[in-house]
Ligand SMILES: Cc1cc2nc3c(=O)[nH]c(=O)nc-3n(C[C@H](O)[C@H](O)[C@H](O)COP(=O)(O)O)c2cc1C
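Single chain ahead, written as structure tokens, the form predicted alone.
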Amino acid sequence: MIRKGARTALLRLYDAGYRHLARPLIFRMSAQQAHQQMHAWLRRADGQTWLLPLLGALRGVIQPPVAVNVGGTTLESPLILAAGLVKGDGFASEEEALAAVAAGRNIIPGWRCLPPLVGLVEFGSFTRWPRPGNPGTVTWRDVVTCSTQNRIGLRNPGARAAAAFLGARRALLPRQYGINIAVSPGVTDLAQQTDEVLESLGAFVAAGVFPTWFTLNLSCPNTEDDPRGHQTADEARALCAAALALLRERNASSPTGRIPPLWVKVGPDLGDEQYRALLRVFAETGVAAVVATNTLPLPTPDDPAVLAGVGGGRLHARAVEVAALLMAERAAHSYPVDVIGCGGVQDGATLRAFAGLGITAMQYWTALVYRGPLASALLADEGER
């Protein structure tokens, strides 16, 4: 392990190189082209077994582990790559997705190569049924504000295929990781929603996939039919209570003998009273943490009539505002629910904006775009200054 001063110097050298050399080349491509190229690289890197220990060794040098107790577990790092990147290919049907798994195809690019490089990763979001995603241009970047925007549409192989894929590779999964399960867009019947969430969770448990935590994603603003209604207190209570009951029932099959804690991810566009009601529900049902927040639905650059989720700089202030409200409510009622910060964490200042509220763990995503593959190490180093 190298000294902190030397580590900081190395990271500053990398940061300058990425900003002035790599990023300008990448940004010659559109956001969509760069996103597609990144997934192609991840798919190739997953198959390069010689590369994986090198990535792990690099991370060991530039980002030593820092344990933090949060969300019902002890994490090896306070920084988590948010769901949305390592979520897999889209498919038109479950049969097609399962056939791809049976054929040995890598349907979740990045599952193997990203954790050694960046540390904690939340896989997903996975819906009960596969989704091919939205057609056309679905990703954008706003360089001035260091923001991203997407309406990818929850493209993923579906929970059953994802569980089968990861279950067949249990021995190769990272030591710690999360699984994000999204409420299915377009389904308004609560009973059906509950059944689909339980089927999704059950698929992972049946496949022997027990992550460090599960996240239930109640807000998906990158779809055309964001299920915002599931962020009401009554619907959140039903979904969370059912999910936790299933996990408690299946805890005997867990290799650790304990169930993974349940976190819940909420959107940034709710009213103050709605957040207060949700936090009370989470405390009463046994949810261990709330992730605040998902992306912010705003008009796309191409069509003001179409909304897409904004992350990064344009989300940051609102995400911190929501996190502050939740932390204040948590303190006022002594709720045993931790708050995970998420929204525009891209440097030391934005990280400390959450940390200053008493938040000890944060998720990031857009930082990978603007600061490159070592963004997590940069954030950890800058957060200490």
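Residues carry their position along the shown sequence, with the first being 1. These figures come from a predicted structure and were not determined experimentally.
Only in words, not in the display: the form predicted in complex with this ligand, which the text now covers.
Peer 1: If contact means any heavy atom within 4.5 Å, which of 277 to 285, 292 to 300, 189 to 197, 93 to 101 contacts this ligand in the predicted complex?
Peer 2: Contact criterion met by 292 to 300 only.
Peer 1: Taking a heavy atom within 4.5 Å as contact, would all three of 59, 176 and 375 count as contacting this ligand in the predicted complex?
Peer 2: Judged in the predicted complex, none of 59, 176 and 375 sits within 4.5 Å of this ligand.
Peer 1: Could you spot which one of 154, 264, 79, 107 gets a heavy atom to within 4.5 Å of this ligand in the predicted complex?
Peer 2: Going through each option in turn, the one that passes is 154.
Peer 1: 312, 158, 71, 115: which sits within 4.5 Å of this ligand in the predicted complex by any heavy atom?
Peer 2: Looking at 312, 158, 71, 115 one by one, just 312 meets the 4.5 Å heavy-atom criterion.
Peer 1: Just checking whether residue 124 would be counted as a contact of this ligand in the predicted complex - the rule being heavy atoms within 4.5 angstroms.
Peer 2: Residue-level check for residue 124: yes, a contact with this ligand.
Peer 1: Can residue 43 be called a contact residue for this ligand in the predicted complex at 4.5 Å between heavy atoms?
Peer 2: No, no contact at 4.5 Å.
Peer 1: With a 4.5 Å heavy atom cut-off, would you call residue 318 a contact of this ligand in the predicted complex?
Peer 2: Result no; residue 318 lies far from this ligand in the predicted complex.
Peer 1: Is residue 217 a contact residue for this ligand in the predicted complex, using a 4.5 Å heavy atom cut-off?
Peer 2: Yes - in the predicted complex, heavy atoms of residue 217 and this ligand come within 4.5 Å of each other.
Peer 1: Which residues, if any, of 64 to 102 lie within 4.5 Å of this ligand in the predicted complex when only heavy atoms count?
Peer 2: Heavy-atom contacts within 4.5 Å come from 82, 83, 84, 87.
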